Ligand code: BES
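For reference, the chain that follows is the form predicted alone, supplied as structure tokens.
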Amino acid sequence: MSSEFLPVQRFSDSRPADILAEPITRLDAIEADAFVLFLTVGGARTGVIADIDKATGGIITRIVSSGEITGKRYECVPILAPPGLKVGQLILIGIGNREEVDAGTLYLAAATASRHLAARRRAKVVFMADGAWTTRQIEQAVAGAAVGMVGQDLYRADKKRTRFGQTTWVNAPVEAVEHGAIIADGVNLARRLINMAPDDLYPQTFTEEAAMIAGRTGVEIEIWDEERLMREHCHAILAVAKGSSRAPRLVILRHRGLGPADAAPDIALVGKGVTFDSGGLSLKPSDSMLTMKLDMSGGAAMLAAIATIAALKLPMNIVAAIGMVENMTGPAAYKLGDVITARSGTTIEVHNTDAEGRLVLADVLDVVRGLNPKHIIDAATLTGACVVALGNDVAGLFTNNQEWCDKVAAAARAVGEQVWQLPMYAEYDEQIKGEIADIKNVGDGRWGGAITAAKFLERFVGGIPWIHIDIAGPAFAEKPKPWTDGGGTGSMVRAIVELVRGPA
């Protein structure tokens, strides 16, 4: 059985060693530590599964008949040393009813199997794709397998997850495996950045990470330091940063995939990069502050998304802008009652220093508005109110343009990222009107907080079709799930890449 090594432009330090595509020949020629099969409900006697069942003396039929596995989504059953195969174990992973199998299901199923196997060292793991899957579905399965084997334990000497020496996909096109590996690189990059300790990842080092990734993928990068931010009148970013000993940064990245160098961006990606959020003088309690290294998840997602888009060489002009700050309580920290003049000239009353992300985004959105993009997307862990409304697994969508929102939502759902649109009625604008300045940085009371935050951001996009994605829930898993360890999830990286690629 010959192997094809993939000419993949890899960029993530969290990548598995090798991801290969092999044509399927004889089942008895497959040699591996583990062999992963995807099982649908009632699918034990069809297709490749039936062939493997026959080769193993009917072991799959017996396992299914005993009720150990039914094929329901994400059931995972190992069969040690199956007869008739040269593999250490056979992993059966359920993917539900055949007619309901989609890319999101395959991503999570492959990640579940991979995470299970990554608890031990594996020199080689083989995954079997189904001939009925589309190319995009195979890509997501490949990505899920590569993400599932990577844990959050960056600083542990004894790792809970160990990457496979080699991952092989049989019955899968080489290009689909290549693209899936690149998508996984993007997700794993975002996860690594989110999982880094805040004393290791702060505005300067986040900028250095962005520069390194830009160099690997051919993305242009422009860095605004504190002096440049002052010249550009980015006083909202600077105000949030005043309480920290670490200076803020704004990073602008450009992928020129189509047309002349001076062409306006097709899409501007904007990310919140608050590398640690203490709440400022509106100090968070300890339990709420513990995971606040995650508050740069939107920025990590946008960096990872544009890097993935560049690595895939997608023919679209994309700009990404990330505002990077620490929100701390130093002697110069901004205060309740302060009035900030944002870059756009809008004046803002500060009623809560823990509503800092929208201040940072106000200046970043104004910067990208000046680049005249056709569309804008921002992603941010912006409000606990969105988690109250939608839970931990669903991102909130807010927009000024329904057609644009529908496209973004469709792309997210196509890859299994759960999103839900919330209203943006004009009445909510009344809640952020200021008494002594144009607007204030929180609404009236607790109610509708995710919406009033989005209405705040809307003031800075100038009518350009825009969508705000509040990822406060899905950006970080506080507890493990079958397909992922706790920690950063890489939320919205796959969705944005799918959006830029367009429908299959």
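Bear in mind that the values here come from a model prediction, so they are computed numbers and not experimental data. Sequential numbering from 1, following the sequence displayed.
One more form of this protein, predicted in complex with this ligand, exists but is not displayed; see below.
Residues K284, D354 and A472 are all found to lie within 4.5 Å of this ligand in the predicted bound form, as judged by heavy atom distances.
This ligand is not drawn, but in the predicted bound form it has no heavy atom within 4.5 Å of D378. Within this chain, D277 lines the site of this ligand in the predicted bound form, having a heavy atom no more than 4.5 Å away. Within 4.5 Å of some heavy atom of this ligand in the predicted bound form lies at least one heavy atom of G384. Contact annotation: D295 falls within 4.5 Å of this ligand in the predicted bound form, judged by heavy atom distances.
Proximity to this ligand in the predicted bound form, defined as a heavy atom within 4.5 Å, singles out one entry of R249, R115, H255, K272, which is K272. Note on the partner interface in the predicted bound form: the residue among I52, V442, I451, A44 having a heavy atom within 4.5 angstroms of this ligand is V442. The stretch among 394 to 402, 187 to 195, 354 to 362, 224 to 232 whose residues place heavy atoms within 4.5 Å of this ligand in the predicted bound form is 354 to 362.
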